[in-house]
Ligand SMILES: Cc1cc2nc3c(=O)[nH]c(=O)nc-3n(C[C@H](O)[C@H](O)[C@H](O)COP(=O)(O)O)c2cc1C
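A single chain comes next, written as structure tokens; it is the form predicted on its own.
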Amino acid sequence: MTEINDFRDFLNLLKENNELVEIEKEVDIIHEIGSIIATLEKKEREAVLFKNIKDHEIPVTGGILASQNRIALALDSKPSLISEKMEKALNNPIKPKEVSEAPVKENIITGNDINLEKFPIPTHAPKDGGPFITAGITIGGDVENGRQNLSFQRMHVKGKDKTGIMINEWRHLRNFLDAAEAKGESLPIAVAIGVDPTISIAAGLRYDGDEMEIASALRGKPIEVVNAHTSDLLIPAHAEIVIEGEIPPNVREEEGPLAEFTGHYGELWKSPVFKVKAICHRNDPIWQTLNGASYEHMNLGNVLPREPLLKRQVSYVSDNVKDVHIPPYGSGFLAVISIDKQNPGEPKNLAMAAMTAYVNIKNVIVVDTDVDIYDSSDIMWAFSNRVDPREDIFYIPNSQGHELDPASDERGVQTKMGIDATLWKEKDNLEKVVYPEVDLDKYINN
């Protein structure tokens, strides 16, 4: 199997495993690329590499981590062990390795040569407000102590050297910006595009150290980093492209809308702006993009970073928890827990614990171990057959959720719901019907 050291290695690995389709036909960055990525995802097809972009020379790839199989390939794991591997990496971080030379610095663009419009930055969904950098990893540093942080921030392109940048109030990067603005200073940041997928996965976590340590742990060795061209930030040495610059203090402009993880278009936001000071890139770079409101969006922002925290929280409440899942079709608002129930009150306790594991989690379904929590039809079967709404559903009103949830107010206040979809004690002798699976080729293609 191909060893992954950079983004190109991962694309080769996907190709080896028939998880990447290459499109030679010319495509447009305005809506067409987004629609193709969305259609492939809806049909549970491959990631895609567009090799012929209208009015651009740089290829574009998307849908890279839209499926559990591709995430497992990125982590050299199995789909069923992804959460366990994430948990292990969180508990055993590895410091990245600083190097003096790096492929990302093969080309350095500064001054009047800076032009974001030369890069194939898509306008994804039909009602997006324009081109957005969506798969970029934002690298920021604390002005007080220099601690670095990785995160995803949407960046609305507004010109050759300027973007908007939306930063939620609960993010570490927002803390860094608040501290810089208090001093009347700009905040240097860098945006890495096309990286080892473990860096993308780690960037979705909320970790009090440098998420590059978690990426290194996921890769099983230190990931190489190098000094940025215009600041003291350390950037991924093997990134395809890194856009460097700063967020000036106390400047806010409207940006958006963008297809959000909720499956709705977001509103216009008064957000900070990002001024570009340099662009570094490899020879023959590849632009990576990510569709808003896609499974890839959900996987990176909700599923991968939240499942280990959820597992840790509910396992503290009960040793009988077997598995947890935050399915991407639930927009990060749904959690499913599998339990070998020993006490009839356990499911409700677990549901309440899950609601406190992360602010996004609003609805929790607890099921028996004979239900496949990765199969939505199996979950709905349990919901339809094992739930008495009068006894098994409960509500927690006036709870804090996510402010972008359409079912909450502007501060995220909402009602949360727990569902006990386990069998009643009086009926726990019922056995689920399961037919053995057979190899149909033995019967049909002979």
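In this text, all values refer to a predicted model and were calculated from it rather than measured experimentally. The first residue of the sequence shown is number 1, and the count goes up from there.
What comes next is about the form predicted together with this ligand, which does not appear here.
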Contact test in the predicted complex: P272 vs this ligand, heavy atoms, 4.5 Å: no
Non-hydrogen atom contact Q153 with this ligand in the predicted complex at 4.5 angstroms: yes
Partner contact for M166 in the predicted complex: this ligand, 4.5 angstroms, heavy atom: yes
Non-hydrogen atom contact H297 with this ligand in the predicted complex at 4.5 angstroms: yes
Contact residue in the predicted complex, chosen from H229, K348, R171, K162 - any heavy atom within 4.5 Å of this ligand: R171
Single option in L205, A72, V143, L309 placed near this ligand in the predicted complex, where near means a heavy atom within 4.5 Å: L205
Contact stretch among 191-199, 309-317, 79-87, 144-152 - heavy atom within 4.5 Å of this ligand in the predicted complex: 144-152
All of G330, A382 and D392 with a heavy atom within 4.5 Å of this ligand in the predicted complex: no
Neighbours of this ligand in the predicted complex among 125-139 [non-hydrogen atom within 4.5 angstroms]: T134
